[in-house]
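A single chain, nothing else alongside it, follows as structure tokens in the form predicted alone.
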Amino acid sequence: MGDMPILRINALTKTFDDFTALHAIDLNVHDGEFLAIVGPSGCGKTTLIRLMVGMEEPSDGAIWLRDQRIDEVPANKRPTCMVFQSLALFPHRTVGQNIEFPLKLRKVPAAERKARALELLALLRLPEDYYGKRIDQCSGGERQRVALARALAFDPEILFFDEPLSALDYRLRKTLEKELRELHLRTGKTFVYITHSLEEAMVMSDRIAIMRAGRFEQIAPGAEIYARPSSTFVAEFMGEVNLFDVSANAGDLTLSGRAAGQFSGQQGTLMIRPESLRILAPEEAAEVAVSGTVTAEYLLGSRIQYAITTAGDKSVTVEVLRENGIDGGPGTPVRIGCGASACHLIAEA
């Protein structure tokens, strides 16, 4: 991955009448990286990708591809390509004709087009005889691969993806997530991927950009965002979480040792992921401890999740391996805890 950004977005703003979809956002995309842009519906991620590929014009700000400003360049003149959720394939044409379509537009000779199409079929792990197969005879997963082959046909500098896997069933989506990640590594291309699925983003990307109401909340590798979110919004968006107000602790938390030194009296929210907590033995000490009563339990295969209600009527979630579970079901009093290193203090303004 290169050090110089391949794509730079500077103070990009987009307004529709009296609604501002993007608020002067900045973003650097590194050459060869897989960046996922994630956020709830209406956060601005689709508007952003439409601006990046040239389907919309910005109200203000600039988009740079290496040293060239491209926000005023028409979409068909940009060295980028988009893979849509709908795939936009020609159903009654063959796989080969679909893959070759962008090359035909560029007046590439027929023999050269076919050679490139066969090369891309091999790259996408589709048999060579699919070249003559019609799109409407292909499965959902095969169509997805053809759409990717077509996107790669004219060797774009950046591939943009707009939720391309969202219409597929769970098992196929899981397979294609891994294939997309492998394809990214094999091609070395820059991928910018829009999704509402955090799981997709975590599996595939080098970095995740979390959007909220037209702004970026946090941009970092997935593991960093999961462990050290910059806000309670990001913490909750990244999965199940327990949040405690340490500045006004109502007695739910007992802090001792390092945890007392680090967190007591601080202004902010203490975040503990459910899998970081463990069930404490009757006399067992922990730097962070919570007492409560089991209100529900959920079996998750090899793991079990408990809902626990504290004396202060706060609901806490803990997830442990089945062999480390609680003796007794709902109504059982319990103490749970963890070390200070398993906690993260979110100090929001």
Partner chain sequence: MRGRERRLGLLYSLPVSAFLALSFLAPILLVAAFSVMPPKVFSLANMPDFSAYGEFLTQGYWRSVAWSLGMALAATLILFVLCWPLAFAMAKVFRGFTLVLTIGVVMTLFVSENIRLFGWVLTLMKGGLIEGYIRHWTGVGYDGLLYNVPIIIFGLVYVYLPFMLFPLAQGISMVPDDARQAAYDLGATRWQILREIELPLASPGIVVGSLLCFVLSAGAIAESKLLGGQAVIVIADEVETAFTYGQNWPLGAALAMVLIAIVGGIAIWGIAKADLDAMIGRRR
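Positions refer to the first chain, counted from 1. The model shown is predicted, which means the values in this text are computed figures rather than measured ones.
Although it is not shown, the form predicted in complex with the partner chain is what the next lines describe.
(request) Could you tell me which of 221 to 229, 101 to 109, 201 to 209, 253 to 261 sits within 4.5 Å of the partner chain in the predicted complex, going by non-hydrogen atoms? (result) Among the candidates, contact is made by 101 to 109.
(message) So the partner chain isn't shown here. In the predicted complex, which residue out of A296, L280, V53, A62 has a non-hydrogen atom within 4.5 Å of it?
(response) The residue from A296, L280, V53, A62 that makes the contact is V53.
(request) Could you work out which of G132, G265, P127, P74 is the residue within 4.5 angstroms of the partner chain in the predicted complex, going by heavy atoms? (result) Here the answer is residue option P74.
(message) Just checking whether E182 would be counted as a contact of the partner chain in the predicted complex - the rule being heavy atoms within 4.5 angstroms.
(response) No, no contact at 4.5 Å.
(message) Considering non-hydrogen atoms and a 4.5 Å limit, does the partner chain approach P91 in the predicted complex?
(response) Yes, P91 lies within 4.5 Å of the partner chain in the predicted complex.
(request) Classify T195 as contacting or not contacting the partner chain in the predicted complex by the rule of any non-hydrogen atom within 4.5 angstroms, answering yes or no. (result) T195: no contact with the partner chain in the predicted complex.
(message) Please tell me whether any heavy atom belonging to L165 falls inside 4.5 Å of a heavy atom of the partner chain, as the geometry stands in the predicted complex.
(response) No, L165 sits far enough from the partner chain in the predicted complex that none of its heavy atoms falls within 4.5 Å.
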